[in-house]
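Structure 1 and structure 2 below are the same protein chain in two forms, each given by itself as structure tokens.
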Structure 1
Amino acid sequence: MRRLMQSPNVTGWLLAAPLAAVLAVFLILPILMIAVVSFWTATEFSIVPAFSLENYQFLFGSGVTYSVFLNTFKYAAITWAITLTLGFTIAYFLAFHVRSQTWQTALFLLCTIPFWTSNIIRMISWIPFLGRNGIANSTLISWGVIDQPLEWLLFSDFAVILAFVHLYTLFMVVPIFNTMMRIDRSLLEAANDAGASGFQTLVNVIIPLTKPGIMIGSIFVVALVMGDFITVRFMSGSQSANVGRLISNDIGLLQYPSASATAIVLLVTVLLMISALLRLVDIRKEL
């Protein structure tokens, strides 16, 4: 018994048991369930166990699917590019230009605090800014830049991307800042002594060393945007669609089998994208 308790496998699994149990019941089992239900059929009121490929046939046979997937990739690509540029700039400023550690901590906290507040409220709070009579339009009109209120500010793709950037840039800032803080400062001095300009140091020293942080941030942003349904629904005023909305619309109509089939295709897509990114970074080493 004593020897049993000293085996790392036994103690390891005992300690990890609650974690494994939660993930088994609330992650693996549900995903398996979705996979099973995606082969079921549905009537107007209930779902019927079966083995039918009609959900997938319908999904892959419909032009809507491809355009919605394309739209989802578009959101992910644009949001990724903007959050990466913005997040990198912010992290670079915090890590290399703020000199006092107190200020560094304080400003870093200011960037992360919104993460712990409600996403829905942060979306709602764009209404007074972007609305037809909102701050943006009335300012532009009073400056004489436009005579008519711009209609595409709220409830448009522009608003969707803006909200994504607003919500998810800090997922880039935090890991990139974290990696930058581990860069040995003497490397920068060496670059400087060897005659590199600030820009050359940035491109040839800092960016390569920051890659793990960039990868982790990208994984978060891509996963969050690909799986989103609520931001697109709210900020586009239900005028644009992404895969998440396709799923949630089916759920709203109680078409669980067809929602499940779409969900499985989305899951495979996201996992393929993320595992490609994960090959480039060892997350456990970066924490």
Structure 2
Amino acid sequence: MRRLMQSPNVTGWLLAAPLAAVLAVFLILPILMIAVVSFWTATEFSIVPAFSLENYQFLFGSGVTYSVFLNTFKYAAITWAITLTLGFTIAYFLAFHVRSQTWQTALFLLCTIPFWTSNIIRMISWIPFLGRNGIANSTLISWGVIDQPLEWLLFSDFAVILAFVHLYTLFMVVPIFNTMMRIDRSLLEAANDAGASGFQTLVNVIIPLTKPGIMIGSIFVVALVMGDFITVRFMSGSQSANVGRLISNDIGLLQYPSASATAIVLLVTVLLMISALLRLVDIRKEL
């Protein structure tokens, strides 16, 4: 018995058991409960715990579902592209152009300032800036750039994307910066000695070695945008919707089986997207 307890495999399982139990109770079990409820039906006054495919039939048979999912994918794709561009640029500057570690730390902390407040406050702060009589429109009018306020600055897809970028860019900066800091600087010197230009070094050395960080940041951003609903509600003025809003509306109407079915479809969609991203590069070296 003692020899069995001292086995590396058994020791590893025993060390992992507490965390596995916590994940099982607080993650796996709730997901299983949501999956079970998604097959129930609901009336105006009660939930009927009887197996039924009605929720999924309604979900996949409605054109609204495909429209909302398409809108969600649009938000995720545009936000991903912008945050990747900004995140890579900021991380590249911090990793390769800021020589002092003190300045690197100071500038990195500067990027985290928005996270010192809640998401709601950060979103609301854009409203007086982008409003019809807000700072942006007033400034553009005073400069003579426009003659009348721009209506699309607030309560539009532009405002939603802007808020998403504001909220989630740091989730792209951190893993990319972490990966860039691990790049052996002798590889850059070798590329320079071989006559490679700065752009060739970026494309052939830095970007390939930064792929794990890019994938980790992409997973964070895509998963967060796909599941977000409060940002779309505030910044679109309830004129636009994504899957998160669909689930929120069903919960508000006490249609828990329908909300559960939508949540399961969203979960499967996000997992498939993450699986596709993980096939592009092995991120285990970063974990």
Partner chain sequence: MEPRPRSFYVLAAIFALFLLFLYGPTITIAILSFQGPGGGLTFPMRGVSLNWFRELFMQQAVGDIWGSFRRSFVLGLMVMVTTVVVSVMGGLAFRKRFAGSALLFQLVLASLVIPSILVSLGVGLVFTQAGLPIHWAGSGFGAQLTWTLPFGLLIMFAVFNRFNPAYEEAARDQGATPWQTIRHVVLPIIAPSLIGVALFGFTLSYDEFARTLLTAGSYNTLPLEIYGMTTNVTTPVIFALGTLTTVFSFVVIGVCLAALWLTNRRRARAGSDAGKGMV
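Heads up, when I say rigid core I mean the largest set of C-alphas that superpose within 1.5 Å between the two forms. What you are looking at is a predicted structure, and each value in this text was computed from that prediction instead of being measured. Quick note, the numbers are simply positions in structure 1, starting from 1.
Assuming the other structure does not fit, state which one is the form predicted on its own. Of the two, structure 2 is the form predicted on its own.
Does V268 shift between structures 1 and 2 by 2 angstroms or more at the C-alpha, the core having been superposed? No, shifts by less than 2 Å.
What's the distance in angstrom the Cα of A17 travels between structures 1 and 2, core superposed? It moves 4.3 Å at the C-alpha.
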